[in-house]
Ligand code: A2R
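First, one chain by itself in structure tokens, the form predicted alone.
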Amino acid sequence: MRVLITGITGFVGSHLAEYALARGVEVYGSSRWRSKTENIDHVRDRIHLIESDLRDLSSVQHLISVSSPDFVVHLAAQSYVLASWHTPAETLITNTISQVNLLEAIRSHGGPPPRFLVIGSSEEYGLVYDDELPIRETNPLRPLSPYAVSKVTQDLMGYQYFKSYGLPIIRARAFNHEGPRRGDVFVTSNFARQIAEIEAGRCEPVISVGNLKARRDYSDVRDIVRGYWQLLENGELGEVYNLCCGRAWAIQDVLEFLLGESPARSITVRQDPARLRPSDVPALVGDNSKIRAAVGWQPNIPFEQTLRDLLNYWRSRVGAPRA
């Protein structure tokens, strides 16, 4: 059994590689020439890493030919919502063209096509009204950022290629997920890094924040990759599934929990206007009943443990003592 993970050097890709290797699967991954490999250095000698530019069709055709996968998980993307406001064209091109090239390369490769998991996002739902919570897969898609628009495009493209060409495609809409190795441009990881740096005496006891009122449905990345794998193996082709916990955390609550885990005292919280988005999704809380019924998946790791693991990850990075 072979799996191709695009974006394997990233946060989720590295955790999925670990999960697949533990199951005895042969793991191939795509990376760009400038990709940092620190997330996969501990498993680098157990995976096949292939340099590829997913925006170039010939490069993607080579990737598919060399890896000849049974499963494909397309994780590579411009995944930072705030950055999509500054580079909307690049976000749309990168996220859309990369998936088109993968699907076209699979179509032209010959032989039985691999089962393909399209990685969507809860951001696709965008503007959600209170009477629509918790969010089901049938909820209207009202994206509120260029990133969200790009993920809607990938999602619907997956459905179109399933219907038009019969490719074995499953679609996943993962809600927020965190854990060790999360990039510090994302809010929970950014808070944890700032706290760890304060504990290590590297900066003043001030934490910069954006919008603390938004409410998000958080799961652990290790639960999410388990869900991705269960969908690859047993998800119904053409269908879309929410991966979520069903519980909302306000960003304020996340910050207060992390501060409560720190021995550092008298930390000032200061809002930074640069961290605010032109429009933000007020609340995203999902319903995971469809995936539970389909493959039996549900989150197992309490989010409090996820946050502790994330904080300890940053403590190890910056040299702060672990709690």
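These numbers were taken from a predicted model, which means no experiment stands behind them. Quick note: we count residues from 1 along the sequence shown, nothing fancier.
Below: the form predicted together with the ligand, not depicted.
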Self-check item: Contact residue in the predicted complex, chosen from A76, I169, A192, L243 - any heavy atom within 4.5 Å of the ligand
Solution: A76
Quiz item: Which listed residue (S262, Q61, S289, S35) meets the criterion of a heavy atom within 4.5 Å of the ligand in the predicted complex?
Solution: S35
Quiz item: Could you tell me if L54 has a non-hydrogen atom within 4.5 Å of the ligand in the predicted complex?
Solution: yes
Exercise. Would you please decide whether G10 lies within 4.5 angstroms of the ligand in the predicted complex, comparing each non-hydrogen atom pair?
Key: yes
Practice problem: Report whether the minimum heavy atom distance between R182 and the ligand in the predicted complex is within 4.5 Å. | Solution: yes
Quiz item: Might N139 be said to contact the ligand in the predicted complex, defining contact as any heavy atom within 4.5 Å?
Solution: no
Quiz item: Each of R226, Q230 and Q298 near the ligand in the predicted complex, meaning some heavy atom within 4.5 Å?
Solution: no
Quiz item: Of 289-297, 64-72, 262-270, 46-54, which is the one stretch near the ligand in the predicted complex, taking non-hydrogen atoms within 4.5 angstroms as near?
Solution: 46-54
Exercise. Quick one: name the residues from 126-156 with any non-hydrogen atom within 4.5 angstroms of the ligand in the predicted complex.
Key: Y147, K151
